[in-house]
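Presented below, as structure tokens, is a lone chain in the form predicted on its own.
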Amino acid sequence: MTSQDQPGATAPMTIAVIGATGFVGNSVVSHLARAGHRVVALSRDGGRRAGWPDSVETRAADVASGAGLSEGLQGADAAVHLVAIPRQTKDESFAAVNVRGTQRAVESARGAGVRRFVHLSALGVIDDPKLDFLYSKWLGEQIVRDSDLEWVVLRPSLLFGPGDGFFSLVRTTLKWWSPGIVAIPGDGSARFQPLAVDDLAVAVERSLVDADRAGSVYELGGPEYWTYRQIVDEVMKVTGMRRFRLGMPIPLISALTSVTDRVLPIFPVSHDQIQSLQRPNSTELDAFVRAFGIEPRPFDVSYLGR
């Protein structure tokens, strides 16, 4: 069975999606609505994405401040928490969004009588303050796992699909920051396991509707391993942008990004993201099949060339 053949839930639920208008949220909302659920889409401005059916209700809620969150979750049987930032700015910190925002979401869900709570984490989370993003996601996980909700935690590898973050950033780096040469961290052997965002949406729905999944943590990836070097090659292939690949020692890039974080915040990669390459971003190749009984889609970033 492929992910496209996955049947919808037999008992429709009212599901609140926190962070609905983001890259992952858009796919989750669309999939849940197609599966017959009543979807309440929560976002900072209460916006709507093109292509959502009219049945999707939109509400404004902000996890960073808590404004509208309790009201937005009222009437929901379950909630999906997707809000996180991959990089800190002067206006948004990991502590405010990834940690305290998760705490607010959990507390508001409990107060609204939500039973099932699916939380999107990330592969490589670790109890190590030296890796800011992964540590913030670890702390967020612990808040969810220490709650009395029927929680499920999903830890995917890199997610691909139109509008993605990581692979689109590689394209941007090639186009604007790589004049003939593209820097490859180390020897480019850092390994990933790209997963289609639409397959993650299937995992979210099964985590919501299957009663026996409560209290589970799932590490998820696609059907193949891809190194950083192979990913750059693939993005160059589909976009037609050819660059000479130059391996740069991790300590050198790390030193560079520690400076650009302070003086050039638009630089495409942060110091923390380079440091995080030390952590594994893959799991068993059959992890998705074993967890959800379907074969995930192969890696495909052809949309970057359109």
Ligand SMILES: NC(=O)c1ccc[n+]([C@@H]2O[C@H](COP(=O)([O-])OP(=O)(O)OC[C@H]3O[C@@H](n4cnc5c(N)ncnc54)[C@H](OP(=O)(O)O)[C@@H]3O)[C@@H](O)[C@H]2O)c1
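A residue's number is simply how far along the shown sequence it sits, counting from 1. Bear in mind that the values here come from a model prediction, so they are computed numbers and not experimental data.
Just so you know, the form predicted together with the named molecule exists too; it's not on screen, but the next bit is about it.
Chemist: Since exactly one of 108, 121, 207, 193 fits, which has a heavy atom within 4.5 Å of the named molecule in the predicted bound form?
Modeler: Looking at the other structure, the residue within range turns out to be 121.
Chemist: Heavy atoms within 4.5 Å of the named molecule in the predicted bound form: which stretch among 79-87, 211-219, 141-149, 109-117?
Modeler: In short, 79-87.
Chemist: Indicate whether the named molecule has at least one heavy atom within 4.5 Å of a heavy atom of residue 62 in the predicted bound form.
Modeler: Flag for residue 62 set to yes.
Chemist: Does the named molecule get within 4.5 angstroms of any non-hydrogen atom of residue 44 in the predicted bound form?
Modeler: Heavy-atom contact with the named molecule at 4.5 Å: present for residue 44.
Chemist: Using heavy atoms and a 4.5 Å limit, would one call residue 137 a contact residue for the named molecule in the predicted bound form?
Modeler: Flag for residue 137 set to yes.
Chemist: Does residue 16 reach the named molecule in the predicted bound form if we count a contact as any heavy atom within 4.5 Å?
Modeler: Outside the cut-off, so no.
Chemist: Using a 4.5 Å cut-off on heavy atoms, what residues in 12-28 are near the named molecule in the predicted bound form?
Modeler: Heavy-atom contacts within 4.5 Å come from 19, 20, 21, 22, 23, 24, 25.
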